[in-house]
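In structure tokens, the next block holds one chain alone, the form predicted on its own.
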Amino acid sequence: MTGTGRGNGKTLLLGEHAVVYGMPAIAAGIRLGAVATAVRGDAFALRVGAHAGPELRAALEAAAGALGVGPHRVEVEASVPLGSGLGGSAAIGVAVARALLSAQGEAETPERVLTAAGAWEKVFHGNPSGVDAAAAYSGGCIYFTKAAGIEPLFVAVPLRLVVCLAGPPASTKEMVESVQRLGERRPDLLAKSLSGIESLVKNARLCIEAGDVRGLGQLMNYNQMLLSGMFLSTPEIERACAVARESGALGAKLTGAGGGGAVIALCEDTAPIEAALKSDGFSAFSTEIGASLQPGAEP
């Protein structure tokens, strides 16, 4: 029996790294993602596009083990740029988990998919917060903590984003470890930074629920300042943020682990910001986090 599954890429609007320490983060799925196809086999085998290898096979074995299923051959096609801070690994992990369950004829549950995706993520990232997998699974805008998990977030007005790839990607595991080392050297700096990010995330939630995109943009800019102060930014990220803001973006920041990878810019009109980034040599595309119904409202 053949099974298929999909996972979304993601953006972290605010809260990266702080979420590893139990603070909240706001994330959203994006249209780019991954699709997996699984069939039962005599041995575990996984191919992502043209890529295969022992680490991918180990991740597949971890996900399958979490689900209690045997060997499968899995093929994955990913449209999200991998290693860019856009949740490519989690998108694949969720897609693989869904495909494995589908191949067994089993109905998925959030707990089973996220447990399997978490096992997948540990192979690559060591100590993942779970927010990437949560966004990859839910697809919408979420408020996430390690303790409480996924809370769907009401989005009053569409959030229009330009996503820019700003330099070579960095290892999420290495960037998380760099923050740990910062905490060992400067516990006061890390504590103040995490507390500041927590406050920004909570205020950003209010802005999203009220439709205050200008306020949200300012909070994103402040979040970028704190992440830069934690040595997670790069000259390419700073240049991309500057180009976006100078072209009319309401706010711009890195998204993901930092050290390279992606920048997101919140815009009223994405076209001039996307054009400006491309003319400056960056790869960029537009996406939108759609407005959602008020809880309890009729569709």
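Numbering starts at 1 and runs along the sequence shown. Just so you know, these numbers come straight off a predicted model, no measurement behind them.
Unshown form predicted together with a small molecule; subsequent notes refer to it.
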- Three residues, 16, 19 and 257; all within 4.5 Å of the small molecule in the model of the complex via heavy atoms? yes
- Message: Please tell me whether any heavy atom belonging to residue 277 falls inside 4.5 Å of a heavy atom of the small molecule, as the geometry stands in the model of the complex.
- Response: no
- Closest heavy atom of residue 125 to the small molecule in the model of the complex, within 4.5 Å or not? yes
- Query: If you check in the model of the complex, is residue 82 within 4.5 Å of the small molecule, heavy atoms only?
  - Reply: no
- Message: Contact with the small molecule in the model of the complex for residue 89, defined as at least one heavy atom pair within 4.5 Å: yes or no?
- Response: no
- Only one of 109-117, 130-138, 153-161, 201-209 sits within 4.5 Å of the small molecule in the model of the complex by heavy atom distance, namely 130-138
